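Okay, so here's just one chain, in structure tokens, the form predicted alone.
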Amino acid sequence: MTTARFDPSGPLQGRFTPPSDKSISHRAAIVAAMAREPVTITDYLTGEDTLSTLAAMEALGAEVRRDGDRVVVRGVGLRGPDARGATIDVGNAGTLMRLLPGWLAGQEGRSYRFDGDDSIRRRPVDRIADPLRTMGAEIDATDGRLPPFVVRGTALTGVEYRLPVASAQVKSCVLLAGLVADGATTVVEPVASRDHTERMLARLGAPLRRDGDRITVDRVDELHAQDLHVPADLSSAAFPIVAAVLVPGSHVVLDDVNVNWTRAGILSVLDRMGATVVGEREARRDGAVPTDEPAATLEIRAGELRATTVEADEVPLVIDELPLVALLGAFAEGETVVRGAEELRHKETDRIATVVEGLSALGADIEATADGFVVRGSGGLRGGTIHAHGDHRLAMLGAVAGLASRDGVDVVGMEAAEVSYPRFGDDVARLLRG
């Protein structure tokens, strides 16, 4: 386990492109494997999680060729995946674990075993198992809800499934199952969640339509190969963005950042808190499903912050950045509140508990609630030691906190950042050099 030190810094200066989008990379590999003709994916993220997804596609019979961040996938078709008796090792990739069973559940007569690391074995799969079972799937999980688990392919029937909690992963799993199920499959969202899966399926010709909070897909014989581009990950970009907002005198420019409205909630939160983040934003879209992912150049400057409240209907649009909202709250004037974020308890760690524990150890006035947290701004952080607990976002949170703290921060388990941001340390060093 690696401990990294992050001392208080002077102004952060620089311009670069953050790592490619992790969520889109996962989906691009899976959808490409569903087509029979080769699909070229440019700017694919080569982090530990997304490499697990490429390995899983190979285990299912797809051919994968990598040349740096350019990946070519020759798929097996919608009804061709065969694990050939091997366990599908998802590593630490929760997105892979929750999306892929949807496609495989409809492969009649075939069986697929899923497993992963110690963290994955603590993450429940009942939220995908329940809707898949209503479609006729057979899923056997450890203790009824945990990995390792087995998916036995059956003939699926389309259903209307109303999500009890907004979740892009559960929505995506059901839509992928709908591609190989008889009839139409509809997912009803309580509030909007990220729509990368819908955009990608629409781009490859899937019969997909949106009507308000309802997304419907019909059974299809094949997907048509289309090349895919992965823009920079806003969830990764959020760490240098917040660092630049918090460290006085900073000026940072980030290129090719994904600004899809269904996941750009952190930009809206920063706007409300008074941060200076300039760049084009995608307006909310309803009706027809777009087939592109918008990207923009973002320019960030440090500034004074005021507290804000994130309510439940906004949580799905900012779910991965909520730890950073907690950090911002420690520097903001007033009381920052996050509500309706129970989903954080089902991430790589219980992120409500670990964020509150970690920031408290650094001097933040923060307390957990059942569905979020409350942070009372105290003008900044003292510093100290924070443990990543194997969570990539918690590791990077500690690093950003250290740059903005009074005394510096030691991050225990900094190697966890490799999961989604392999060059995080290099990019921090680039900003420090100016």
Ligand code: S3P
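For every residue, the number given is its place in the sequence shown, counted from 1. Worth saying up front: this structure is predicted, and the values here are computed from it rather than measured.
FYI, the form predicted in complex with the named molecule isn't displayed, but the following is about it.
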| query | finding |
| --- | --- |
| Site test, Gln169, Arg194 and Glu343 vs the named molecule in the predicted complex, non-hydrogen atom cutoff 4.5 Å | yes |
| In the predicted complex, Glu293 touching the named molecule (heavy atom, 4.5 Å) | no |
| Residue contact check: Thr95 to the named molecule in the predicted complex, 4.5 Å heavy atom | yes |
| 4.5 angstroms heavy atom contact with the named molecule in the predicted complex for Arg127 | yes |
| Heavy atom of Leu267 within 4.5 Å of the named molecule in the predicted complex | no |
| Sole residue of Leu204, Val187, Val259, Ile319 within 4.5 Å of the named molecule in the predicted complex, by heavy atom | Ile319 |
| In the predicted complex, segment of 305-313, 319-327, 149-157, 269-277 with a heavy atom within 4.5 Å of the named molecule | 319-327 |
| Heavy atom contacts to the named molecule in the predicted complex at 4.5 Å, residues of 53-88 in sequence order | none |
